[in-house]
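Below you'll find only one chain, the form predicted alone, shown as structure tokens.
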Amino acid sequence: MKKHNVFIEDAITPDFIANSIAKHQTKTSIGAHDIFLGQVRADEIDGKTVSAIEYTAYEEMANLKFSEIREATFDKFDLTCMHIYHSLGTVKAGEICLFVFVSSPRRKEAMKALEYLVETIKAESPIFGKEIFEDETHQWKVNS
């Protein structure tokens, strides 16, 4: 099983996203791309507003889990390529923390694969988020 490092320090930038997508424009076997961008929300919890989330992970374990997720997804769907990136460190409200990109010869396959991937990542990845509030207090994030 080939391991990929899925982690980006801090927020995932628009330039990184654009460059990742642009690399696939010359692949003529691709008929569809589908993209998910997870963004930190400024949720209000108990009267306090989230200003950022600090993401941490056991990187080796998480990269192994992401490799398993990738392999299972390639086995289940007809995909040409797949990219998964998740932030580590502090990501402010409004910034991107998760970037998932899939390509397939067919649109419906790309769409189904992307939904499967995002749901599996949310359910199975060992990444932890500490919500930091505007008053600088914090709490551990509940997956939602």
Partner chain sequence: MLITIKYFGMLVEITNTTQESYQYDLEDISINDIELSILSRYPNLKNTTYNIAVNQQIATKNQPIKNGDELAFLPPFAGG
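Here the structure is a predicted model, which is why all the values come from computation and not from measurement. Positions refer to the first chain, counted from 1.
This protein has a second form, the form predicted in complex with its partner chain, left out of what is shown; the following refers to that one.
- Between the options D15, E134, E9, E124, the residue in contact with its partner chain in the predicted complex by a heavy atom within 4.5 angstroms is E124.
- Look at 95 to 103, 43 to 51, 108 to 116, 26 to 34: in the predicted complex, residues with non-hydrogen atoms within 4.5 angstroms of its partner chain sit in 95 to 103.
- Across the proposed site, E68, K130 and V142 without exception bring a heavy atom within 4.5 Å of its partner chain in the predicted complex.
- In the predicted complex, its partner chain sits within 4.5 Å of a heavy atom of L64.
- Within 4.5 Å of some heavy atom of its partner chain in the predicted complex lies at least one heavy atom of A57.
- Annotation for 10 to 45: no interface residues with its partner chain in the predicted complex [heavy atom within 4.5 Å].
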